[in-house]
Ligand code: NAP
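The chain below stands alone, shown as C-alpha cells; this is the form predicted alone.
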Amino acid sequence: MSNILILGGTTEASALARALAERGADAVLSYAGRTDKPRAQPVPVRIGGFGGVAGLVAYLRERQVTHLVDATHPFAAQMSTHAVEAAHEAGVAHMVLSRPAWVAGEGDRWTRVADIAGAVAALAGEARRVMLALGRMHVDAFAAQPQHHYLLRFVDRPEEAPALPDNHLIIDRGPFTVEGDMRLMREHRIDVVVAKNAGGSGAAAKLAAARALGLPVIMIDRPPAPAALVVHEVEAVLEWLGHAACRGV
C-alpha cells in the first residue's frame, strides 16, 4: 500500500493533491506555514516545518510514508535538500515536481542576477519606481536601496510593516492577468520589475505585462537544486507512483 507525502505550497502541489484524491490514493499535503489561509485541499493537510532532516526522517518513518514528492517552490532550496537527504536515510522513494524555469524571449529586457543580494545591487543608482514581485520573505533586504519607491503585492497582510521607507502594499491573491498587471504597472508608474524565476504560468502575467510595456526586469536565477529525479507534469508523478498508488491499494 502506498502512502504519499507531498511537500507543497505551489499550484503544482495542489494539482497533484487533487489528482491523487480523485484516484483514492493515501496522501498528505504539507505546507511550510508561510501563508495564513492556504486554499482548501481534498487530502489531509499538515502545516509547519519538520525540524530539519532528522525531523523529516522521523515523520516519514512514523507515518510509514512510501513516496515523497517535493512540489515546493523552486526557491525553497533548503527544504528540497532536506527532502533528498531524509528520503535517502528513511529509504523512501523520492521525486521532484517542479515547473520549468522561464526563458527570456523576444521583447524581454531581462538582467539576470544570481540571488537576492544581486538584485539589491542591481538597483543601485537614481531613484526609480520598482515593483518587487517576490512575495514577502526577502523584501526587507531592499532597504539597502532606500531611494526607490517600491510596489509590493502580498497574499497576506504582514504583522509588521515592510522595512522600506517608501512603499505601497497591495494584498491580493493570484492568478493574475496580463491586462490587470499592465494596468497596475501603469497606475503606479513602474520603471522596473524585480522577480524570481519561479517558472510556470500562474505567475507569468507580470513578465508579459513588463514585456508589453517595454519595462526592464531584474530576474533572480534559481538556487542550485540537489540531484534528484525531476518531472514537470502531474501525470508523470502518477506514472511514477504506479498503479497501486493511484488505486490506493
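All values derive from a computational prediction rather than experimental measurement. Residue positions are given as counts along the sequence shown, with the first one as 1.
The following text describes the form predicted in complex with the ligand, which does not appear among the structures shown.
- Shown without its partner, this chain lists Ala90, Val84, Ala76, Val178 as candidates; in the model of the complex, only Ala76 has a non-hydrogen atom within 4.5 angstroms of the ligand.
- When the ligand is considered in the model of the complex, only one residue from Ala32, Leu215, Val45, Met182 comes within 4.5 Å through any heavy atom, namely Ala32.
- The ligand is not shown here, but in the model of the complex it comes within 4.5 Å of a heavy atom of Met137.
- Within this chain, Lys196 lines the site of the ligand in the model of the complex, having a heavy atom no more than 4.5 Å away.
- Heavy atoms of Ser98 never reach within 4.5 Å of the ligand in the model of the complex, leaving it off the interface.
- Not displayed here, the ligand is kept clear of Ile4 by more than 4.5 Å at the level of heavy atoms in the model of the complex.
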